[in-house]
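One chain comes next, on its own, written as structure tokens: the form predicted alone.
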């Protein structure tokens, strides 16, 4: 059955039963994962998911049900199950659900791509991965594990609701990366390219994977990894800290992305990442960072992994300020949470990781807007400091205030130049104090970084999100203490 036909059928069945509101999502996901480890395939997977989900409001409460069977008989059963759940939930509700107003739309959206990653032969992808991993591994016998990664993802979905909105979308993304682990005299070091967590990903076609140039960069990654064994340890001190984009992206994710999710703030979600210190009385009043810090949730930026046309409530992609000139000014919200705080409209970040899952408030692209500096100028302007890149470890408390991060590699900065490499670099901080110390943000190396593995919810959902940033400097940061 056509997605639109099933969606409209389920919608009408719910309306016949007198629900206050209903939306239906029907979709199909294709997910190709390729991993080469130590010269052999470790993972060759092609996963497909099809199904639909029905969300209703009855007696002021939500109900949700889903199924993988795309037929009318099943649609009726799913609708009735969702209504039954809503009625049961209504018996325990504290207040009735209200939704912020949203303009009715009929539209289509498709990720702009040049080459469809699912039309590229698997053999071509594997050839690149084998060659890149071989070049990485052969740089030293000290390298005990070497990996190359590829992933391609496509989601086709149809959304319809009882207000009259009807949306069809196709979201496509892909990417990959390299990783190697070396051991010498009981010491272990790691290097990744172009970022941790299997690399970098973007809403784009196969041309993005090709642009990563894994084969061309493999030798350098392996050589840099071996040099870490001869590097000095990161000093324990208070100094200026410079973070490149691949590490700064995770800093943004953990200390701004999660704490501005409004369901965490309101206490309806606390899994994986806890709640938030950015409580409602702080909105528009709290000093989150310095005047240089501007953070946005932007689902419209080209190639962002969190870029789309509409979220899973039919709200159009938009750019929303979270922090403006250092002041905390906005949340990532849903139609329900926006109405609860009288925010006017949803930020457009409700997403589910499959048609079988309930939408949650998820990051789109949480971006640190560029400043006026060039990356090299930040280094040249730093008398004493450490440059760190590529995440290796992290920890942050359940309010998203106190954190510690470890990176794969760093360099001592003296009198405006990179002097020498350091290993096991780490830093700690308190979120508003840390961002308050930010005094320089680059513009020339600003780019989008994509991570497809943000976890949230029970049952757990894994979502693809993006972070735009360049290089930034933070003054008087404690380093080397972890």
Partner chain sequence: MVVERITELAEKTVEIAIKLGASQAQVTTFLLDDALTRYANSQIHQNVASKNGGMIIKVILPDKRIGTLRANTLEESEIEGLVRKTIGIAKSARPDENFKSLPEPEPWTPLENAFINETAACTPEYRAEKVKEAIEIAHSKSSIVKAVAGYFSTKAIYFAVANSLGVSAYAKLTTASMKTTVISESEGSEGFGTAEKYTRNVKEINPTLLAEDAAEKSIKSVKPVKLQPGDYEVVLSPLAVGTILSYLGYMGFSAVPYQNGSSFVKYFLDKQIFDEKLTVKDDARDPKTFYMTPIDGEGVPKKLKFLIKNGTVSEESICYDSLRAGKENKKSTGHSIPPITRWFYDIPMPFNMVMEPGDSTIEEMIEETKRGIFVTYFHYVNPVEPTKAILTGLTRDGTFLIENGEITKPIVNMRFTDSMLSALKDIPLIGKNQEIVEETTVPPIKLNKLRFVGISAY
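Given the structure is predicted, the values throughout are model-derived calculations rather than measurements. Positions refer to the first chain, counted from 1.
Below, we turn to the form predicted in complex with the partner chain, even though it does not appear here.
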property	result
Non-hydrogen atom contact residue 280 with the partner chain in the predicted complex at 4.5 angstroms	no
4.5 angstroms heavy atom contact with the partner chain in the predicted complex for residue 446	no
Partner proximity in the predicted complex: residue 400 to the partner chain, non-hydrogen atom cutoff 4.5 Å	yes
Interface membership of residue 415, the partner chain in the predicted complex, 4.5 Å heavy atom rule	no
Interface residue in the predicted complex among 290, 84, 116, 140, criterion: non-hydrogen atom within 4.5 angstroms of the partner chain	84
Position in contact with the partner chain when the complex is considered in the predicted complex, options 99, 88, 76, 341, heavy atoms within 4.5 Å	88
Candidate stretches 296-304, 241-249, 312-320, 356-364 - the one whose heavy atoms come within 4.5 Å of the partner chain in the predicted complex	356-364
Residues of 131-155 having any heavy atom within 4.5 Å of the partner chain in the predicted complex, listed in sequence order	144, 145, 147
